[in-house]
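Shown here is one chain on its own, the form predicted on its own, set out as structure tokens.
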């Protein structure tokens, strides 16, 4: 079958890959220190999203709801937003940032969250909270379009537009990470520290892996501050790692402040990490140190240990966030594997123009990329079209397809809730390349032992 990219052909979604836009906006909000987002919609729009976050990170996160009910859905519910802001500020005196996130129901009825933000700024805040710094940010995230990926992209742009300004150059680099795990942020900060690059990380989510302290504090939150957000316009450059999750904010910073920008440099694998570091070097003038050359060499050695003997020609299906899936597919190709099926879970019209996708389609003989896909696309190809696979890579929502088909699966992406501690491991950088190569190999080794297929090879390896 030739390499192709095309949308899902049948109507309806069966077992979706993504959840909706408000989830992405909420994920952005929990990355900011002293911030609690208010989701203007039904309680489930917060409850189930918060549950997914807690399942993945095994931590507790604070999010609020305007708790829309039937009367509000008919007559409008902006009074619920006003009450929610008031209660939130009374209960949490340290809160400085309050994104007000719309949902499908409140967008359909036409509630004007921009107008209520103006009203609150003119009336409630000066009357009841004089002298207190409070930033109300309207984020439009209707769930009848896009996905959690586009919702994150929109929210980051709206937050950056609200805060970013220009005072004087600070010599720092803006690093827009996208929807990544704490382990990825740790690895990215390590790479920049080795290059002696000072960076504003958006968002600083290392603290999602939060400690249990003697004071029994148990709420996890990001560490990107209001001051960090304000400084974005003073940077020497911006690196937007994930094309579909951070480009809107990067484009705004470039257009508004003339900041040089590189976008879509998802550093998964040796090749992409090399590109990332070279672009950081070009933006900052800092050299790539020998310490990173050594780390690169160790990662190459780890890959060499397993790639040709165990991974070559293994057929892989991947699904999840588009930048993650594309980066993983490129990494698989570099390890001589065959990513034969890529499932991208929304209908973004720009996938056809993505240079990474075009390059893969031009250089492989067999690859099917399905946009606006769901997990039934994976199951149907296995059960009805006899698609032969050696490995599935994706988040936990696809586990039953792997179990029923007896195909080994490596959990990667969001959410992962049936394996412990995966959010601590990076998939980015040289450390991520090592973890991915060894985890893929170990997944295949375990399957070999379970099925009794050539497990004798492991005795002499």
Partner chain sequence: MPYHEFECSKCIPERLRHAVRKTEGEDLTSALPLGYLNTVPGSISERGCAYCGAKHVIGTPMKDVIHLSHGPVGCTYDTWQTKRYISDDGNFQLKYTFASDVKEAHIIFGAEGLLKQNILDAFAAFPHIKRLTVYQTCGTALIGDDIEAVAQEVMDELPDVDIFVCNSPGFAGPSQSGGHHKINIAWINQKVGTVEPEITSDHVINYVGEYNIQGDQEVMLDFFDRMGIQVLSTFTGNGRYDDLRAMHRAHLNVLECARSAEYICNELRVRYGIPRLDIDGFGFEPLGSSLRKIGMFFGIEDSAEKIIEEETARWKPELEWYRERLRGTRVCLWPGGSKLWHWANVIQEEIGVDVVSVYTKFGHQGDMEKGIARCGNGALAIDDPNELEGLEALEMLRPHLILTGKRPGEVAKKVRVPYLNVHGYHNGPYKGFEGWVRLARDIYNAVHSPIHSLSALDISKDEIPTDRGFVTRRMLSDRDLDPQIANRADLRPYSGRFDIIPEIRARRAERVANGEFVSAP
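In this text, all values refer to a predicted model and were calculated from it rather than measured experimentally. Residue numbers count along the first chain shown, from 1.
We do not show the form predicted in complex with the partner chain, though everything after this point is about it.
Chemist: Is it the case that residue 314, even though its partner is missing from this view, gets within 4.5 Å of the partner chain in the predicted bound form, heavy atoms only?
Modeler: Output for residue 314 is no: heavy atoms all beyond 4.5 Å of the partner chain.
Chemist: Applying a 4.5 Å heavy atom distance criterion, does residue 104 contact the partner chain in the predicted bound form?
Modeler: Yes, residue 104 lies within 4.5 Å of the partner chain in the predicted bound form.
Chemist: Residue-level contact is defined here as any heavy atom of the residue lying within 4.5 Å of the partner chain in the predicted bound form; does residue 134 satisfy this criterion?
Modeler: Contact check for residue 134: no, nothing within 4.5 Å of the partner chain in the predicted bound form.
Chemist: With heavy atoms only and a cut-off of 4.5 Å, decide whether residue 91 touches the partner chain in the predicted bound form.
Modeler: Yes, residue 91 is a contact residue.
Chemist: Within 4.5 Å, heavy atoms only, which of 157, 338, 243, 80 is in contact with the partner chain in the predicted bound form?
Modeler: It is 80.
Chemist: Out of 249 to 257, 373 to 381, 232 to 240, 286 to 294, where are the residues with a heavy atom within 4.5 Å of the partner chain in the predicted bound form?
Modeler: One stretch meets the cut-off, namely 373 to 381.
Chemist: Thinking of 96, 124 and 281 as one candidate spot, does the partner chain come within 4.5 Å of a heavy atom in every one of them in the predicted bound form?
Modeler: The answer is no; none of 96, 124 and 281 reaches the partner chain.
Chemist: Just give me the residues of 24 to 54, first to last, that have a heavy atom within 4.5 Å of the partner chain in the predicted bound form.
Modeler: Sequence-ordered list: 36, 43, 44, 47, 48, 49, 50, 51, 52, 54.
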